[in-house]
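In C-alpha cells, one chain follows: the form predicted on its own.
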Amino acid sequence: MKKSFRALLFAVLAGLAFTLLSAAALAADSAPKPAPLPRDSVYQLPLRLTDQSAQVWDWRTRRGRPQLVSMFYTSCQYICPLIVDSGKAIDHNLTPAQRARLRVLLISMDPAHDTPAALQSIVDKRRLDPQRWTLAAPPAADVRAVAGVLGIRYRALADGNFNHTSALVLLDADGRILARTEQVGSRPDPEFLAAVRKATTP
C-alpha cells in the first residue's frame, strides 16, 4: 500500500515538474527579442569595458538611450580636461528632462594605466554624476578598434602621452552616429548641441 502511494506521489510530482518546465520554456520562447542592431551601429563591434566601479560589461548594454561618447586618458593634462568640459557644457545647456535621457561615456585609450581607481579619481575630481557619466577602459587589444568605429585618431608617444583628436560623438539609441564635433571647451558647438537636444527630446 505504501509503495503504491509513493509511486503515485512520484508520478504526480514528476508531472507537475514537467508542466512547470514546459510553461517556462514556452514563456522564454514567447518573450520579445530585441531588434537586430542596425548595420551601421558602433555596437556591432564586440567590446567589453571596465568602468570606474570595476564593473565589466558589454557596451551594447548602453543601447536604448542616446550617448555622448569620446576617448581620453586620465593622465592627459591638456585636451582631455577640455573634453570633460565639453560634456559638462552640453549637460548645462540641456533641460532637466533632456539631461536625464542622455548618458556620457568616456573611453580610455590608455588601459594600461587607467585602472578603475584612476578613472574614479577623475569622476571625483571633476564632480561627474556617476548615474549618467561612465569612464571606462577597454582591453588594450581593442583600443584601436573602438577608436576606429568612433572615428578618433590617436598615437602613443614615447613619454607616455598620446596625440589624439578631441572628438565628441553623439550616438542614437541604437548606436548609430548622429553627429560629431571636434570643438571642445566650455562653449558647445551650436550645431552639435542642437543635435543633442533633438536626440534627447521625445
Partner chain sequence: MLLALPLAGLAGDAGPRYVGLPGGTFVSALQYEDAKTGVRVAPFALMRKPVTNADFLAFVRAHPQWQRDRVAGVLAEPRYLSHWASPTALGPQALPQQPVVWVSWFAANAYCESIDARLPTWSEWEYAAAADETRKDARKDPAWRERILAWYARPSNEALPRAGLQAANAWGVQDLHGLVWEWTDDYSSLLVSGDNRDQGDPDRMKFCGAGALSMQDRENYAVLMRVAMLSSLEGADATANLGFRCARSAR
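These numbers come from a predicted model, not from an experiment. Numbering follows the first chain given and starts at 1.
Heads up, the form predicted in complex with the partner chain isn't pictured, but that's what we're talking about next.
Exercise for review: Decide if the three candidate residues Leu68, Lys125 and Pro202 all line the partner chain in the predicted bound form, where lining means a heavy atom within 4.5 Å.
Suggested key: The answer is no: none of the three residues contacts the partner (heavy atom, 4.5 Å cut-off).
Pick from Gly148, Pro34, Pro139, Gly64: which residue has any heavy atom within 4.5 angstroms of the partner chain in the predicted bound form? In short, Gly148.
Looking at 74-82, 125-133, 92-100, 110-118, which lies within 4.5 angstroms of the partner chain in the predicted bound form, counting heavy atoms? Flagged stretch: 74-82.
Touches the partner chain in the predicted bound form: Asn163 (any heavy atom, 4.5 Å): Result yes; Asn163 sits at the interface with the partner chain in the predicted bound form.
With a 4.5 Å heavy atom cut-off, would you call Gln44 a contact of the partner chain in the predicted bound form?
Judged by the heavy-atom cut-off of 4.5 Å, Gln44 is in contact with the partner chain in the predicted bound form.
Quick one: does Asp58 come within 4.5 Å of the partner chain in the predicted bound form, counting heavy atoms only? Contact check for Asp58: no, nothing within 4.5 Å of the partner chain in the predicted bound form.
Notebook entry, point to check: Is Ala54 close enough to the partner chain in the predicted bound form to count, meaning some heavy atom within 4.5 Å?
Noted result: Output for Ala54 is no: heavy atoms all beyond 4.5 Å of the partner chain.
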